[in-house]
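Below you will find one chain, with nothing else, as structure tokens; this is the form predicted alone, and questions on how it binds or moves follow later.
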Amino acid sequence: MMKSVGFIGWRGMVGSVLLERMIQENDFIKIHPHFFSTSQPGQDGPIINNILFKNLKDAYNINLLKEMDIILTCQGGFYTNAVYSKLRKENWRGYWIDASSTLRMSDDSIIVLDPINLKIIQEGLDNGIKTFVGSNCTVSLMLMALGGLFSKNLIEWISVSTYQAASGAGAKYIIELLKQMGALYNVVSKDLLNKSYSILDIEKKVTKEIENNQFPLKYFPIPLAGNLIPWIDIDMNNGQSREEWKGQFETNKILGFKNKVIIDGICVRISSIRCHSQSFTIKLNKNLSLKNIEEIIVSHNNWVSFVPNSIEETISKLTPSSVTGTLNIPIGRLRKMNIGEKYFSAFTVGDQLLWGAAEPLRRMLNLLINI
């Protein structure tokens, strides 16, 4: 019997990418979909395979939610906080799939990334786990790139620097970034056509515009265009941001470890649109050749690919623009480091909205509808 699946937050970036992927993979023919809204119940919903889903359901109506076998929400933590506990207290025994971080570290939830932890997911299902949560985006993308080394327990620790896209903050942040880019161009557009105009004068105009009180700045704490933001999320009161904290704790939960692997570093917001990049310093617990490391990495899953450590290959295949909108997880810049034989560097990039968010949820849904 096909399961009834309720979708909440399907209009946002992650939700839109999820629906797009489900249409591409013909997932909707396997379920009875129901679309909910937190703000527009009763209005028309999406068009799926040329069928208009009319009369959106109220996403806060517990009785309607209880009718679902599976609920998949990309609505955010505020919605999960408002609804999840009420639903469980009403003795709803369905499956909850969540893109937000609210339930990630709960004892009765599993963080899902099935190319990495399918065994743990299956064990959880056998043990009656009903709550499945998507991982932090950089954690998912790191694990997809380095999964082979994790699966063989070869990593002692990782120091990471992330370069995270505006999409990780949300749609309104992308729009604000684009407005900032436009404002900077507009202030010097005529000067750029004047070959005799000093580049230093152009730079001064740009800098002055960034500091202008009228510069588009409603959501970011400081301008991102022509800039970067070396802090993401709240302060953990130890000099570490919550985004940086997630790297170690979520990774170990996904892998079923008890803080076995040490992961730390600095997370930075950059002006990429939707792809996160990460630079790693990795210490292995044994000395392996670069060729062996490469073979272990690329043999782990179907999406990771090795990029030779050359200028041409790196700048053509290891950038946000080269992977945006795809499921590809390239990894390159592999080299042994001067600090020791067990140390090597690596660089990876992946689409924050696909493997970083929507794809693990889609795949978890497919696991559940096939039970």
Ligand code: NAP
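Treat the numbers as computed from the prediction; the structure is a model and nothing was measured. Numbers follow the displayed sequence, beginning with 1.
We do not show the form predicted in complex with the named molecule, though everything after this point is about it.
Query raised in the report: So in the predicted bound form, does any heavy atom of residue 352 sit within 4.5 Å of the named molecule?
Result: Yes - in the predicted bound form, heavy atoms of residue 352 and the named molecule come within 4.5 Å of each other.
Query raised in the report: Does at least one non-hydrogen atom of residue 314 fall within 4.5 angstroms of the named molecule in the predicted bound form?
Result: Result no; residue 314 lies far from the named molecule in the predicted bound form.
Report task. Answer for residue 164 alone: is it within 4.5 Å of the named molecule in the predicted bound form, judged on heavy atom distances? Result -> Residue 164: no contact with the named molecule in the predicted bound form.
Report task. Using the partner position in the predicted bound form, report whether residue 111 sits within 4.5 Å of the named molecule, counting heavy atoms only. Result -> It does not: once the named molecule is placed as it appears in the predicted bound form, residue 111 has no heavy atom within 4.5 Å of it.
Report task. Please pick, from 146, 267, 275, 74, the one residue with any non-hydrogen atom lying within 4.5 angstroms of the named molecule in the predicted bound form. Result -> Checking each option against the named molecule in the predicted bound form, the one that comes within 4.5 Å is 74.
Query raised in the report: From the list 293, 99, 224, 184, which entry has a heavy atom within 4.5 Å of the named molecule in the predicted bound form?
Result: Contact with the named molecule in the predicted bound form is made by 99 alone.
**Report entry** Region of this chain that lies against the named molecule in the predicted bound form, out of 111-119, 201-209, 170-178, 85-93 [heavy atom, 4.5 Å]
**Finding:** The contacting stretch here is 170-178.
Report task. Could you list the residues in 47-62 that come within 4.5 Å of the named molecule in the predicted bound form, counting only heavy atoms and keeping sequence order? Result -> Not one residue comes within 4.5 Å of the partner.
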